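Next up: just one chain, as structure tokens, the form predicted alone.
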Amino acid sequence: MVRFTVHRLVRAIITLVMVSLLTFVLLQLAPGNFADLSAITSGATMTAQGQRDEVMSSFTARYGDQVPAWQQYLIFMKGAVTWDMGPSYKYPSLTVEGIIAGAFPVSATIAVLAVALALLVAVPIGVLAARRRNGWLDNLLMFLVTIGNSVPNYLMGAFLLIILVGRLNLLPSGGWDGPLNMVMPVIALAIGPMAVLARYVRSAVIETLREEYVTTAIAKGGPGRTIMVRHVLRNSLIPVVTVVGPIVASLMAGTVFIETMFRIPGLGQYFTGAATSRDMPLLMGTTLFFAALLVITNVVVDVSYGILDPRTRMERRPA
């Protein structure tokens, strides 16, 4: 198990280095930079003249034309490793790590609640569809699941705004002031994962129902509910573990449209602001943070799956 975990960690580190290099190279190749944009319009960068001069000085020292590209990359990576990436150019009163630490819990809250809601609905749907396999109920549920998987989250968010706010006036249209503000963003984000998880649960339950130990339990006349919960559902949820982790991470990194639509002060809004203003430290920091989040989640899922099902790590062991 230790060997299996170390292998995953090494692969994760290599992946993060490659992501950081690719992001840095793409930013270098893109025309213009923060200094050019700031010279054109200070309003776009939300800085006063004095702040802008200070930011320009920091920008020149770290990422100016006189600093070699390789040195710029090392400066940033050193800051990323030590959690000291310096001030944001667009928000000079805030550091990159401070922005991430402050905004990420908001995005994480929405993502975790969305996945929890998705699981709460997807597991019963998947089990019911599997037990009525190829019947009218199975076909209906899978049809609805396909529709849910096809609708983008921002479109679902717009639909919820029209119905729950515009027509019924039941919920606030946006902001981050209380539980009611979470309802529409969570539902909008949960629809897609709900559809994906329902399909995984259905497939896993169908496969488990074919296992010999399940057939034997049914032949012995065991209670149907006990067989379904203790034998079928328990073993069917193991493959779902490998899907839930990446879904949570991808939602945390992919709430940009929803955060903008519902005026939520999450990390997605800062990411879009950094992209439009060419705020290199913030853009590099958020990109690397999102990548690290996804990679680390995959490592945790792989290790968890290796603990739950030892065959996964035994298959990779050299002869």
Partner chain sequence: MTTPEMEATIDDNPVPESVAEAPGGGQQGQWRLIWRRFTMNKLALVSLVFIVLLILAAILAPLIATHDPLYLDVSKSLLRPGHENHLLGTDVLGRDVFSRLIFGLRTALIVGFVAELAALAFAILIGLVAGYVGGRPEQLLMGFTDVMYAFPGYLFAVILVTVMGRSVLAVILAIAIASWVGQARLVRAQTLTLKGRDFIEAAQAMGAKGPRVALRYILPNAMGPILVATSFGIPGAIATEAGLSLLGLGVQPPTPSWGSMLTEGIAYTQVAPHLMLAPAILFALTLLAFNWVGDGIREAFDTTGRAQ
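Bear in mind that the values here come from a model prediction, so they are computed numbers and not experimental data. Numbering follows the first chain given and starts at 1.
As for the form predicted in complex with the partner chain, it is not shown, yet the points below apply to it.
For the chain shown alone, residue 200 is a contact residue for the partner chain in the model of the complex, at least one non-hydrogen atom being within 4.5 angstroms. By the criterion of a heavy atom within 4.5 Å, residue 133 is counted among the residues contacting the partner chain in the model of the complex. With a 4.5 Å cutoff on heavy atoms, residue 9 does not count as touching the partner chain in the model of the complex; it lies far away.
Not displayed here, the partner chain is approached by residue 275 to within 4.5 Å at the level of heavy atoms in the model of the complex. In the model of the complex, the partner chain lies within 4.5 angstroms of at least one heavy atom of each of the following residues of 269 to 297: 271, 272, 275, 276, 278, 283, 287, 290, 291, 294, 295, in sequence order.
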